[in-house]
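Quick heads-up: it's one chain on its own, the form predicted alone, in structure tokens.
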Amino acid sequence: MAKPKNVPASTLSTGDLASRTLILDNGAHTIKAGYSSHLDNHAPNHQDCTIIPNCIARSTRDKRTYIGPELTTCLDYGELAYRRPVEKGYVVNWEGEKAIWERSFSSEEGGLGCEPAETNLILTEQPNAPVTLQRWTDEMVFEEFGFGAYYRTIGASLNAWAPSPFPSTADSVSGLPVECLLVVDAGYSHTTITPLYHGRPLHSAIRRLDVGGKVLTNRLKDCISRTFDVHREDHIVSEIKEDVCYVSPSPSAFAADLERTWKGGRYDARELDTTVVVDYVLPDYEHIKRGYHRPHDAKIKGGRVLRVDEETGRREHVVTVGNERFTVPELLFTPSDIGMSQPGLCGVILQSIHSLPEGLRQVFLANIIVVGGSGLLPGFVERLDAELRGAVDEDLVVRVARAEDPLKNSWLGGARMAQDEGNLRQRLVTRAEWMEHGEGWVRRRFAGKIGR
């Protein structure tokens, strides 16, 4: 833990609210941050949210260290060494997280211009966080940064206040959550399933699949490195995943795609299906700032080539991406492919559903929302919908939808919730209350065991 420092004294007393609230969705890969105010009639939208890299990166090329938002100024992402303060969804390195927050809160270009003593904070966490980590978080918020008031909550619960992605469901007004919602958060560290009843998580039914964006990126890195070493190119491989990977519509379609990308043996060579196999041109950070894909060139042998572009005359590195496009995302639905003993995403969702009272199962099946970066993979929602329909009785209604912006949906829900003054007064703990009652009281308050 960091040593306490002198922070500006907050002018907020018990029951007082600052004029604006900072919503901080503190993800393992990125921080989603922005302001909302209960005094402002402006309806929050996705443009009000800033995405900040939640990492400290060291470049082996320009020898610079980039902290949080500084990473956006990096001109060469090649061979960056990352240090992430969040592991498996929980902040385990507060020295690093503190440095990232300080850069993010500053008034410099790209900063949020935050004055903690005069600001309310809504901070997200993962379900079932250890008590020790929660105590460290509360101490950092009040003692190190000195926020005027603070509310710590499970990130998935904020989705209940965001606009509903289902056309037949009326949007909730700010301050009122959706009645029942099953949140599938396909994040960086893992994928969590969280049933929400009036915005409150049903903890006994929360489930976790230990496959997330990090596992997919590392798997893709290993596959590509069989022909071209990219083990130190996390950023580039993540872009390849975002640009070309997709989820097969069904297990039978997965098998068919495998057959189409099989190049055959020594004596029965086959032509690759170029509708699946693509060539990816890697960035050189001089002329090509971000890689891109194009149809496969049959002249490329061995999966990679260094060639001269006929139009520009520049050298370019090209790698061929074949069945990796769909076998890597398949791990979300069949983690046994890499030896994991967990069921796939559909099985984990059904475990969560079946742990609920029987009278609630239908309503949660009909209100499944997908958020998180991995939810942006093409075909993800369609595959999940098809597998769930095949696994439940025909007379049950299944609805699965992706949030309008899966990355920012939790933030947007928090921003809408913060516009309701009554909600804020009910949930926030001021620094004065922290000093008076101590960390144990605050933790019980956030757990809902102590009312206002």
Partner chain sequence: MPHIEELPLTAGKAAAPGWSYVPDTGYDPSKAPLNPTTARSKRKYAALVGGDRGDLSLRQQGQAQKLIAELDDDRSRRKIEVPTRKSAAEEKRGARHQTSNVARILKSEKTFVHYLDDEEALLDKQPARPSYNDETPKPAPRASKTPLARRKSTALNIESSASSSPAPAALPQTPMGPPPLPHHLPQPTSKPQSSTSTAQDPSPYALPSDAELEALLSAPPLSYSAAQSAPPPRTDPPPRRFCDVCGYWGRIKCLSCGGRYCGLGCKEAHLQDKCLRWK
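Positions refer to the first chain, counted from 1. From a predicted model like this one, the values you see are computed outputs, not experimental measurements.
The form predicted in complex with its partner chain exists for this protein as well; it is not shown, and the discussion that follows is about that form.
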Q) Among 281, 272, 133, 300, which has at least one heavy atom within 4.5 Å of its partner chain in the model of the complex? A) 133
Q: Quick one: from 285, 228, 82, 246, grab the residue that has a heavy atom within 4.5 Å of its partner chain in the model of the complex.
A: 82
Q: Quick one: find which of 187-195, 236-244, 155-163, 292-300 has residues within 4.5 Å of its partner chain in the model of the complex by heavy atom distance.
A: 187-195
Q.
residue 325 versus its partner chain, in the model of the complex: is there a non-hydrogen atom within 4.5 Å?
A. no
Q) Is there a heavy atom of residue 78 no more than 4.5 Å from a heavy atom of its partner chain in the model of the complex? A) no
Q: Find out whether any non-hydrogen atom of residue 398 is located within 4.5 angstroms of its partner chain in the model of the complex, and reply yes or no.
A: no
Q.
So in the model of the complex, is its partner chain close enough to residue 45 to count as touching (4.5 Å, heavy atoms)?
A. no
(Q) Where, within 199-221, is there a heavy atom within 4.5 Å of its partner chain in the model of the complex? Residue list please. (A) 200, 201, 202, 203, 204, 206, 207, 208, 210, 214, 215, 218, 219, 221
